[in-house]
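This document starts with one chain, in the form predicted on its own, laid out as structure tokens.
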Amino acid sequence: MGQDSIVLLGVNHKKTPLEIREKMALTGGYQEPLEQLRGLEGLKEYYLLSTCNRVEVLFISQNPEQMRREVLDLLFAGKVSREEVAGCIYVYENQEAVHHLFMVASSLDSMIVGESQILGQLKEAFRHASEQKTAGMILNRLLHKAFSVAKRVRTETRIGANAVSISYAAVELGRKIFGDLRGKRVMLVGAGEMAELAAEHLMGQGIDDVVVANRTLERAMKLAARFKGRAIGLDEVVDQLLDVDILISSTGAQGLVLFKKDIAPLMPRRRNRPLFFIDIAVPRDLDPEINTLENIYLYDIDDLNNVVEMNREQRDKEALKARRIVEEESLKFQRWLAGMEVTPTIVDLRAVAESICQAELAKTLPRLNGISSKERKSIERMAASIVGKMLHHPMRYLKAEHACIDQTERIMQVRNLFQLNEQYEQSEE
């Protein structure tokens, strides 16, 4: 019988166009494809992961080459051609597969390094595999180890602490100004995509209320409904600022839409409560002079880009630490796997040695007339001790790491030397 291999094959945002990823995505959920894979006899364990940026299949098989083709044909035939995925699909085996999985779980392979969403998606994928009973002992161990690696990366590095997108940077600046964003109120002026993303992230921080102002009221109402907020016209913006803490502006206007003279009279009426302006529009919506007012914090897209760039440099340093953790944990898992391969031989070796020992004791002890029970036990302990000392070096040889001889070869040497395969066959007969 061949040796089991861990195989991971997939596509992701790095080298696969969106139109191909869309075709391969498991839009109907995990149940049906997991059931389909159950029909492939060569798969021992398997699980699937499907997100907007990646589709991956991880499986264990003794015939990896054949099963790669069968898995791809089964899951994606009719959706994409072999020619379409030939240049973009990646395949990893054994240690490389383990390393890749740990990189994914730690968000080191994500579009935004350090984002936390991927870990939840991995846990969801594993939950489905567990429910369908397609993950056995090795995959259970591997996935749980992936989760603990991700936790270690989060604990020991600051990889998720710094914003590396415009929308995240806006939220981070808001937290620096207000400390806690819970209960704060946000106004969106215009309906730009980055403003929407910033609003989404702010909502995730516990923002209390969202007001949407837009030139077209219908568009404002649609966006406000998304955030369970309310819509207003552009002419109401200044008055509504009395009760707003954060304003995000992204209109398509050709000139400024808010001036210092509009804002200055508001501050005494607000009792000088801080007001945070984020101008993501190009050209700018907000008068730069607004920033000269006390308790007003105005950031434009260049300011946010500077924050992103500084944070990216810091995150790259943290990513180096995180990759070292992934390397360490990959090697640890590989040692565990190696131990799994060695265990049956160790068990067989002990069984054969103990069987010989017991057989010889059964022949010898009846011939020793007049020995006491205590003496009998001493002889048995001595025989067991001899067996243990005789097995010590073969056991060490099996477990040790050798640069020149791989573990499979060492296992076969020991099995041949002690005739373990023959012993097994005789016991079967």
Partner chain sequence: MSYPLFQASFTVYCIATALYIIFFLNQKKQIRKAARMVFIAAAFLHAVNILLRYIEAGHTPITSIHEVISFFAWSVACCHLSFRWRYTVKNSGTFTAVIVLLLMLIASFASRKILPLPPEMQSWWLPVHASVSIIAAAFLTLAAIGGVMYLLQERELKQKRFGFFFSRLPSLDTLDKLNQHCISIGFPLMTVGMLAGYIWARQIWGGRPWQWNPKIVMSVITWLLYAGLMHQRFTLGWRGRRAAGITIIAFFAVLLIIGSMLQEGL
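If you superpose the two forms and keep the largest set of C-alpha atoms that fall within 1.5 Å, you have the rigid core. Small disclaimer: the values here were computed from a predicted structure and weren't measured. Positions refer to the first chain, counted from 1.
Unshown form predicted together with the partner chain; subsequent notes refer to it.
- Item | Which of 133-141, 99-107, 173-181, 230-238 lines the interface with the partner chain in the predicted complex (heavy atom within 4.5 Å) | The contacting stretch is 173-181.
- Query: Looking at Thr292, Thr343, Gln205, Gln334, which has any heavy atom no more than 4.5 Å from the partner chain in the predicted complex?
  - Reply: Filtering the options by heavy-atom distance leaves Thr292.
- Message: Under a 4.5 angstroms heavy atom criterion, identify the one residue in Tyr168, Phe126, Tyr92, Tyr297 near the partner chain in the predicted complex.
- Response: If I apply the 4.5 Å criterion carefully, the residue I get is Tyr297.
- Among Arg271, Pro274 and Asp303, does every residue place a heavy atom within 4.5 Å of the partner chain in the predicted complex? Yes: Arg271, Pro274 and Asp303 each sit within 4.5 Å of the partner chain in the predicted complex.
- Core-aligned CA displacement of Lys332 at least 2 Å between this form and the one not shown: Result for Lys332: no, shift under 2 Å.
- For Leu173, state whether the C-alpha moves by 2 Å or more between this form and the one not shown after rigid core superposition. Where the cores coincide, Leu173 still shows a C-alpha shift between this form and the one not shown that is 2 Å or more.
- Look at Asn272 and decide if its Cα position differs by 2 Å or more between this form and the one not shown after superposing on the rigid core. Yes, the C-alpha position differs by at least 2 Å between this form and the one not shown.
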